[in-house]
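So this first bit is one chain, no partners, the form predicted alone, shown in C-alpha cells.
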Amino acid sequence: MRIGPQYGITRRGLLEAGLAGALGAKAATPEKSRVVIARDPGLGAGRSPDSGRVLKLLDRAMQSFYGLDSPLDAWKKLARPGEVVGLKVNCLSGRGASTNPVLVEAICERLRQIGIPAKDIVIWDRLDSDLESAGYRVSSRKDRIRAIGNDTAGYGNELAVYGSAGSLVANTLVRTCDAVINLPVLKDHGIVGVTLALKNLFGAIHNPNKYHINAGDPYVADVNMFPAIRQKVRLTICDALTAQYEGGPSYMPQWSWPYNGLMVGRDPVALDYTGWQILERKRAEKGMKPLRELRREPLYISTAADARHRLGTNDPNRIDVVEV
C-alpha cells in the first residue's frame, strides 16, 4: 500500500503521530510513589540515640525525598510560616516502641529554622499519659511547643463517616492544625498485622477500639478517608530507629532490633506496603510465619489502594523505594 499525500498521511505526519503516541503513553503512565529509606548503621540501638546523628539522618532523608541539596529548602516544601504544624506521634507503647523524642526534637528544630515559631508546633496523640510515658513533657501553653493528648484537647461534635467507620475526630487535627506530619513507628501489631502510617491515624479518632475486627479491614482505610485526615496530613516520617517484628503494639525488646533508619513518603499506602515487607523479611529471617498464616495479614493496605479509596498504591511496580 502506498502512503503519501493523496491518502492524507505524509512521512512527517507518521513521525509526528508516532512521537505524539509515545509522549501520550508516557503521560498516561502513573507517576511512581516515592518512599525514601535513610539508614545510619553506626547509630546504634537505644532510646536515646545521638541527636546530631539523628538530625543528619533526617536531613538526608528529607533532601532525598524532595530532591534538594539543602535540608531547609526541603522543609520549606512541607510547611510555611503562619501555619500551625501538628506532629502526630505514636506513644501507646511508652518508652521503647514509641516515636522517639530525639527524632521529634530534630523535626522541631528544622521547623523553627524555616520560620515556624515554637507556638505553632503541636505534638499530639490520644492521651496525655501516653505522651508522658513515651518521654514527652505535656504542656498546653501557647507560647511554646505544645504536647497534648486528645483527652485534654477533646474531639469535635460532628461525626465523620466513611464506609464502615464513623468517628469523632480530634480537635487538634480539625481545629488547631493546618498541616500534620505523621510520625508512626516501624512495628508489628498483634491484631491488624502492622501499625504504620495508616494505622497511626487511629490516634485521631475517639473510638479506635471498634475498628480492630477483621484485622482492621476495611476500617483503617475508611478512617483515613475522613476529610480532615486526607486534607491535612502532608507527609509521613516513620521512625525506624528501633523496629519491632512481633509482639506489637506493646514494646517487646526480645523482638526488636536496631534498624537505624527513617522512612519518608507522601503516599501512606506505599510507605505501609514497604514497611510491611521489611517486617516480613525480618520475621522470615527469625524463622517466624508470615502474617498471612497467622490470619493478621494487613489487607487494609490493599483496601486503601482500591478504586473506592485511592489513598495510594500497594503495587511494588509503582513504588520507587530509594535507599540513601
Partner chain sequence: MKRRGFLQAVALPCAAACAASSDARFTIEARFYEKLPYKKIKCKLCPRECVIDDRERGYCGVRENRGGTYYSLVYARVCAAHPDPIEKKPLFHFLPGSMAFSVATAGCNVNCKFCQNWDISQVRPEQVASNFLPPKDLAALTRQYQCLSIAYTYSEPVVFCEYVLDAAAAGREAGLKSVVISGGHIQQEPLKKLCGRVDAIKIDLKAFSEKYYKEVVNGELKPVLNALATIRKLGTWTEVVYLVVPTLNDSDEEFRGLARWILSELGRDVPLHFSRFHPEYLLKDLPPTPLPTLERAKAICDAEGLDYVYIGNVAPGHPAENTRCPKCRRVVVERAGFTIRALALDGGKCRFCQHAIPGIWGRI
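Positions refer to the first chain, counted from 1. Keep in mind it's a predicted model, so treat the numbers as computed, not measured.
Form predicted in complex with the partner chain: not shown, discussed below.
Undergrad: If contact means any heavy atom within 4.5 Å, which of 176-184, 74-82, 230-238, 89-97 contacts the partner chain in the predicted complex?
TA: Stretch with heavy atoms near the partner: 89-97.
Undergrad: Should residue 115 be counted as a contact of the partner chain in the predicted complex, where contact means heavy atoms within 4.5 Å?
TA: Residue-level check for residue 115: no, no contact with the partner chain.
Undergrad: With the cut-off set at 4.5 Å between non-hydrogen atoms, does residue 124 touch the partner chain in the predicted complex?
TA: Answer no; every heavy atom of residue 124 is more than 4.5 Å from the partner chain in the predicted complex.
Undergrad: Is there a heavy atom of residue 129 no more than 4.5 Å from a heavy atom of the partner chain in the predicted complex?
TA: Residue 129: yes, in contact with the partner chain in the predicted complex.
Undergrad: In the predicted complex, does residue 207 come within 4.5 Å of the partner chain, counting heavy atoms only?
TA: Residue 207: contacts the partner chain in the predicted complex.
Undergrad: Identify which of 225, 107, 153, 168 has a heavy atom within 4.5 Å of the partner chain in the predicted complex; exactly one of them does.
TA: Contact residue from the list: 168.
Undergrad: Every residue in 159, 213 and 249 with a non-hydrogen atom within 4.5 Å of the partner chain in the predicted complex?
TA: Every listed residue reaches the partner chain in the predicted complex, so yes.
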